[in-house]
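In the form predicted alone, a lone chain appears below as C-alpha cells.
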C-alpha cells in the first residue's frame, strides 16, 4: 500500500487470497455498497405547477410518484457520489486508502471536462490512483462494473470503486415542451466496492454487454456537439436542442425486447435459468418497462426491485442504488443469486449475474 502522497503498490495475482478461476484469474465480488439521494423531494404535484401535467398522468405513464433534486447550485455528481462511496467502504470494512482505482459512470458530469472520477478521487483524498469515467447512459453502471470486474480478475487492481451518479435536475426543461422527458428523471448516486471473491462460486459470475447506434437519435442531447461547425449558439438554445429528447415509443419497444433477451443470455452463460434467480434488479427507467420485462421472464413481481416510484430515473445510479437498498433491506444475504439488466441511450444494454 502507499503512503499519503507516494505511489500505490499493487499486489500481484498470486499474492491474493481466495481461489483462482480455471484460467488463472481471480473472481471479483461486491464487498460493500452504498447510495445517496438529495434531501429535496419533488412530487408530481410540484411539477404540475410549472407544466401541463398531473400526478395521475405521470404515474400512469411511468410509475413515478416523486424524485429527488439537489438542494441548490454548486452540487455536482461527484458530490453525490462521495457519501455513497463512503457508505460502500464502510460496509466493506475498508477505508479510502484501500481503493486502488475508480470507475465513475455518469452522463451528467460536474463539468464537460475533466471527468467526475478525478473529482471524486480528490474528495476521497487519494492522489495518484487512476480514475476512469464511463459514458454509457442508463447502461453505464454495468459497463463500469465490467471494467472493474476485469481489473480485479486480471490482478491489475485489488479494490475497485465503481460508481454511478447523476445530477439531472439542473439540465431539465421545466415547461410543456420538455415535459415528457423532465418528469422522468431525478438525482442520486450509488457505489460498490469490488474486490477478490472468497470462492469460485460466489461473486460476479457473468456480465454481457451490447450496443446498437441505429437508435442513437431516439434518446439524445444534441448540443453542444463537436460534429457541428459551431458547437452551441443562441439559436440552438432557443430551440431547446441542448435538452434531452426522446422517442418514447421506440425506446419502450427496444427496452422491453432487449432486456429480457440479454438477461436470458447472461443466465445461460453461467448455466442458470430464471427459476434460479432470487432477486432481479433492473435499471429503473419506467415501472411499466420493468413489469413487462419481469413478465416476459416469468419472474414474480416480489423478486423485482423497484425504486423508480421514489427516485425517478437516475440513469447510471439506478442499479447501484437498488443494490445498496436491497442489501440493507436483507434481500441480499450470502448465497442470493441476483440478476441485473439495463437498457439505455445509444442504444446500449447489458445484464449481469451475481451470487452474493
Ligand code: UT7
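Positions refer to the first chain, counted from 1. These numbers come from a predicted model, not from an experiment.
Quick note: we don't show the form predicted together with ligand UT7, though the next part is all about it.
Peer 1: Considering non-hydrogen atoms and a 4.5 Å limit, which listed residue (120, 84, 138, 162) is close to ligand UT7 in the model of the complex?
Peer 2: Only one option qualifies, and that one is 138.
Peer 1: Looking at 326, 291, 307, 53, which is the one with a non-hydrogen atom within 4.5 Å of ligand UT7 in the model of the complex?
Peer 2: If I apply the 4.5 Å criterion carefully, the residue I get is 53.
Peer 1: Is it true that 57, 246 and 252 each have at least one non-hydrogen atom within 4.5 Å of ligand UT7 in the model of the complex?
Peer 2: Yes: each residue has a heavy atom within 4.5 Å of the partner.
Peer 1: Answer with yes or no whether residue 184 is in contact with ligand UT7 in the model of the complex, where contact means some heavy atom within 4.5 Å.
Peer 2: Answer yes; at least one heavy atom of residue 184 falls within 4.5 Å of ligand UT7 in the model of the complex.
Peer 1: Can any non-hydrogen atom of residue 33 be found within 4.5 angstroms of ligand UT7 in the model of the complex?
Peer 2: Close contact is absent here: in the model of the complex, residue 33 is far from ligand UT7, nothing within 4.5 Å, heavy atoms only.
Peer 1: Consider residue 202 of the chain shown here, and say whether it contacts ligand UT7 in the model of the complex, taking contact as heavy atoms within 4.5 Å.
Peer 2: Looking in the model of the complex, residue contacts with ligand UT7 do not include residue 202, since no heavy atom lies within 4.5 Å.
Peer 1: Quick check on residue 303: any heavy atom within 4.5 Å of ligand UT7 in the model of the complex?
Peer 2: Because no heavy atom of residue 303 falls inside 4.5 Å of ligand UT7 in the model of the complex, the answer is no.
Peer 1: Can you say which of 207-215, 192-200, 148-156, 282-290 gets within 4.5 Å of ligand UT7 in the model of the complex, counting heavy atoms only?
Peer 2: Of the stretches listed, the one contacting the partner is 282-290.
Peer 1: Relative to ligand UT7 in the model of the complex, which residues of 61-100 have a heavy atom no more than 4.5 Å away?
Peer 2: Result: 61 alone.
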